[in-house]
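Shown next as structure tokens: one chain only, the form predicted on its own.
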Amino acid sequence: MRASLIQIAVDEGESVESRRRRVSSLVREQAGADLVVLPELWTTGAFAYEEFGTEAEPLEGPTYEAMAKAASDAGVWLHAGSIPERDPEGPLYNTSLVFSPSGDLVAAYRKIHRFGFDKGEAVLMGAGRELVTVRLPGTTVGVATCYDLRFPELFRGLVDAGAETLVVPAGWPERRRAHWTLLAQARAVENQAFVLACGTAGTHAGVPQAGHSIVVDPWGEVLAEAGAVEEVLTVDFDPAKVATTREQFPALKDRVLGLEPPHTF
């Protein structure tokens, strides 16, 4: 299976519409890949909080339309990163969109863990409630977003739902880049799954981004890692390695905690 992670630079001075056109072109250039992944909130920048409200769009808005066409034109499965979604009957959400090679929306995931510690995203956006997996030819993808990476129970839930490949778009800051790499490897090892983590380059509202998108195999080995600037990270991996790893080292079968409801004394 071939995956292309498009590590987009989100810098001030470029309009959302211009970036949308540029990203659509980058997706089309990945024809021949099986799965293409974009970062979190690439239309606005993950730290451009003041733009969330002004640039928020309905689920089937202009980004939806552009990404559906790009996926269809390229003939790829597209995890289109996330957008600030405006729910007409509720708050904003940080929502990921996944499209089939025919351009159909097959899944939408509203980010469960909001970052900000009572500021920024944590107060401007609502929290998602549902885990999301998507069945692709050859592998089942579990969907998470950025700050979710710090919460292993979410990924365990995705594995329990059948996930073998964990896809994590992000807008991760440079000052915590060591955590990004460490957590991506940890989620791969503990869940015996591939992790495809796609970040952004550039600077979001004065916050330098980590870049360093990364693909990790079920043993925790780094198969590919980007640098700090905009680039496309393409890697071939064998989804069958998940089943082989889980068979050869069946740690998931030895789980005890979390399988039964806790007792209160």
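Each residue number is its position in the shown sequence, starting from 1. The structure presented is a predicted model; accordingly, all values stated were derived computationally and were not measured.
The protein also exists as the form predicted together with a small molecule; that form is not presented, and the subsequent description refers to it.
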The small molecule in the predicted complex: within 4.5 Å of a heavy atom of each of 111, 147 and 176?
yes
Looking at 142, 81, 171, 84, which is the one with a non-hydrogen atom within 4.5 Å of the small molecule in the predicted complex?
171
is_contact(residue 47, the small molecule) in the predicted complex, heavy atom dist at most 4.5 Å:
yes
Does the 4.5 Å heavy atom contact test between residue 77 and the small molecule in the predicted complex come out positive?
no
Residue 115 near the small molecule in the predicted complex, any heavy atom under 4.5 Å?
yes
Listed range touching the small molecule, judged in the predicted complex by heavy atoms within 4.5 Å, from 68-76, 147-155, 126-134, 191-199:
147-155
